[in-house]
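Here you get one chain, nothing else, as C-alpha cells; it is the form predicted alone.
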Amino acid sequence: MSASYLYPRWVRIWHWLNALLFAILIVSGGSLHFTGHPWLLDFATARPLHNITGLLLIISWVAFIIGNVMTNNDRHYRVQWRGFLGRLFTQGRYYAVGIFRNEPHPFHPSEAMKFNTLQQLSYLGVMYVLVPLLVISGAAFLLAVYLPDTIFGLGSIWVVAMLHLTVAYSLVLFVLVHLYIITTGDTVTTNLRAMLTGWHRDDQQETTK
C-alpha cells in the first residue's frame, strides 16, 4: 500500500467548514424559496441565517484563495494542456463504463497532482466561477436598493434572482455528484478517510507496480 499526504490540515479544516456552510445555505435557501413548507425553516429564521452564512462563505472563499497562493496548493488547479483531451476521455470513460466493470482506476493521486482531469475541471468551475457568481448575486440581493431598475431590459431583481437560483442549483448538483465520487475510491471510505486524516492510501497503485 502506498500513501501520500495530499490534504494538509488547513485544507481539511477549510473543507469541512465549507461543507457546513454549504449545508446551511442549502437548507436556509430552500426554506426561503419554498416558504411555508412544513419541513423547512420559517422565513423569519431562514432569512438572517442565510445572509450571515453567505457572508461567512465569502470569508471562507477568500481564505481558500489566499491559502492556495501562500502554500502553493494552487498547483493542483493548474491545467496541464499536454494530453488533456486524452486524459479527459479516459477519465470520463472510466466513470461512465470502467467503474462498473471493476476496471483499475486510470488516475492515481500524488503529491504532484491530487485531482484527475474531471475533478480538476469541476473544482476550477466551482471555486473560480460558480462560487464567485453566487457571492456576487447574493451580495446584489443584500444591496438591491442600489441596483438599477433594469438590467438588459429586464427587471434587475428578477435577473439577480434567476442568476442566484441557477448557480445555487448548479452547486447543489455538484454536491450530489461530489458525494457520489467520494465513494469511488479503492473502498467506499478511502476518499473520506483521506479528507479526515490528510493521507491518501492507494492499494491499486501498489499492486500494479
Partner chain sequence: MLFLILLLMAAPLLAEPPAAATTNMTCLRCHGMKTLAYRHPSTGKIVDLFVEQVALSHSVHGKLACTECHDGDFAHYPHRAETQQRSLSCVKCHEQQDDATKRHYQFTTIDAEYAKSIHATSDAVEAAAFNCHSCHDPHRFHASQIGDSLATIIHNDNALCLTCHEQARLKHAWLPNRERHWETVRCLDCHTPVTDSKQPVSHHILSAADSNHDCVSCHSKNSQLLNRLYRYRAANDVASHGWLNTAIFNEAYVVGMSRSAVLDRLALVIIGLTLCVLLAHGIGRYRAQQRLLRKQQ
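Residue numbers count along the first chain shown, from 1. Quick caveat: nothing in here was measured; it's all calculated off a predicted structure.
What comes next is about the form predicted together with the partner chain, which is not displayed.
Participant: Whether Trp81 contacts the partner chain in the model of the complex should be assessed with a 4.5 Å heavy atom distance threshold; does it?
Facilitator: Output for Trp81 is no: heavy atoms all beyond 4.5 Å of the partner chain.
Participant: Please determine whether Val62 contacts the partner chain in the model of the complex, using a 4.5 Å cut-off between heavy atoms.
Facilitator: No.
Participant: Just checking whether Asn102 would be counted as a contact of the partner chain in the model of the complex - the rule being heavy atoms within 4.5 angstroms.
Facilitator: Residue-level check for Asn102: yes, a contact with the partner chain.
Participant: Is Thr45 close enough to the partner chain in the model of the complex to count, meaning some heavy atom within 4.5 Å?
Facilitator: Contact with the partner chain, no.
Participant: In the model of the complex, does each residue in the set Ala19, Ile24 and Met113 place a non-hydrogen atom within 4.5 angstroms of the partner chain?
Facilitator: Result no, not one residue of the spot touches the partner chain.
Participant: Picking from 94-102, 67-75, 124-132, 81-89, which part of the chain touches the partner chain in the model of the complex when contact means heavy atoms within 4.5 Å?
Facilitator: After filtering at 4.5 Å, what remains is 94-102.
Participant: Quick one: which residues from 16-48 get a non-hydrogen atom within 4.5 Å of the partner chain in the model of the complex?
Facilitator: If the 4.5 Å heavy-atom criterion is applied to the partner chain in the model of the complex, 16-48 yields Leu32, His33, Phe34, Thr35, Phe43, Arg47, Pro48.
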